[in-house]
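One chain follows as structure tokens, the form predicted alone.
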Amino acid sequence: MQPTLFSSIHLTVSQLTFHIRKQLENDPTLQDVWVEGEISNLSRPASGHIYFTLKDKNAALKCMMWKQDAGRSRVNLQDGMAIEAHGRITVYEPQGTYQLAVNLIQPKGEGALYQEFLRLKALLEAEGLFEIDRKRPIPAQPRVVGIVTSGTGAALRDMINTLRRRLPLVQVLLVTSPVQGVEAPPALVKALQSLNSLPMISDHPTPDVILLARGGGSIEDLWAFNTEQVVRAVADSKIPVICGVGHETDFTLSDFAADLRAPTPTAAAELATQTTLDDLRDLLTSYSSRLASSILDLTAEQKAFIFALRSRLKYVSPERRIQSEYQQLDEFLRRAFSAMDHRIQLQSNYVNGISRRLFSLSPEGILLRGYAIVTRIEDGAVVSKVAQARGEMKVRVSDGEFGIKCDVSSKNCES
């Protein structure tokens, strides 16, 4: 081959590869692109990065996903899976190959589903189905919890275990339903409606709250909870609904229509039992303490009241009147005896005075003053004059008597 007459550009492999890289990475279209294809040659080295080839029937494209983006992905990648990968075209210079640096992966068809999700969300939101004002409070101490979920999924087991652990007293009413596929939406609607109409069709009590739940999955797996009929059934429920569909990062339209959104089925069971068995024990202990304190206070108050009544009754009782009369009688008797003693003393003093006066005037009293009484022995006559004195006579003085003999002729007397 003959060289051209014009000089050609001479580049090293590195320079050429770098130039190609600049051209590709400066193209806006290639830096924000969705690529559809089927996964092959999937590799997960220890570094945590993911490598695979995206291909269709006519071409293949090498792809890589950094560890950080891979950790956020909810899609379980497998060889042969049809996906939609979002990323940017880069050049791996050591091998001179271009590749798609993937930052987001979704199963093929999720793009259209997401657009439908946004359309339905806007429609139902405009009707007010997602308004905060229409949300109802979740009862703190439910007696009956209704569950709508698959009868075979792990979500049911997790919710039952959580309810039994946190509040064993609660009664669970389970209505099983498919949670994905074309048969799921009408079955979910029927399950919600049956729980709302339980009192009319059986003797079961109405649930205080309904758990609408299922485990995680792709947007296609969860799509039944985005259908208009299910969302409207959630919004129309007369019983508060807690929606726990998927994992923490999953959002469905039923979440927006529910009275409360839970990140997982287990979290839905926890939110339905805000008051646990331990809380009830603490509450009962508190009530018991308050009741005992109230009883003691009431008892003390009633005792004081009864004591006051007894005091008032004693004050007006016949017994107290009798006791008072007895005391008054005793006082009258004391005063009577005192007056009597005083009167007797006065009379005694008076009598004693009279007695002394009488005694002083009596013969004995006169005798005490030195006088004597002379009587004749012969006839007992009192000798009051000298002429009457004769013969033997008796002289009585204050302390006794003695005899005398009187000579009438000489008028001399001797004892």
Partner chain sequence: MAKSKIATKPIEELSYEEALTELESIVESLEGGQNSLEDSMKLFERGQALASYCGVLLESAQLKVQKLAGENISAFEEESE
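Numbering follows the first chain given and starts at 1. A quick note: this is a predicted structure, and the numbers were derived from the prediction, not measured.
The discussion below concerns the form predicted in complex with its partner chain, not included here.
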Original post:
Is there any non-hydrogen atom of L174 lying within 4.5 Å of its partner chain in the predicted bound form?
Top reply: yes
Original post:
Is V182 one of the residues lying within 4.5 Å of its partner chain in the predicted bound form, judged by heavy atom distances?
Top reply: no
Original post:
Using 4.5 Å between non-hydrogen atoms, is V75 touching its partner chain in the predicted bound form?
Top reply: no
Original post:
Does any heavy atom of S194 come within 4.5 Å of a heavy atom of its partner chain in the predicted bound form?
Top reply: yes
Original post:
Out of 273-281, 122-130, 332-340, 307-315, where are the residues with a heavy atom within 4.5 Å of its partner chain in the predicted bound form?
Top reply: 273-281
Subject >> Position in contact with its partner chain when the complex is considered in the predicted bound form, options V102, L163, A155, A262, heavy atoms within 4.5 Å >> reply: L163
Subject >> Interface residue in the predicted bound form among A187, I239, V170, V91, criterion: non-hydrogen atom within 4.5 angstroms of its partner chain >> reply: V170
Original post:
Is its partner chain in the predicted bound form near all of Q141, S288 and L298, within 4.5 Å of a heavy atom of each?
Top reply: yes
Original post:
Which residues within 213-252 place at least one heavy atom within 4.5 Å of its partner chain in the predicted bound form?
Top reply: none
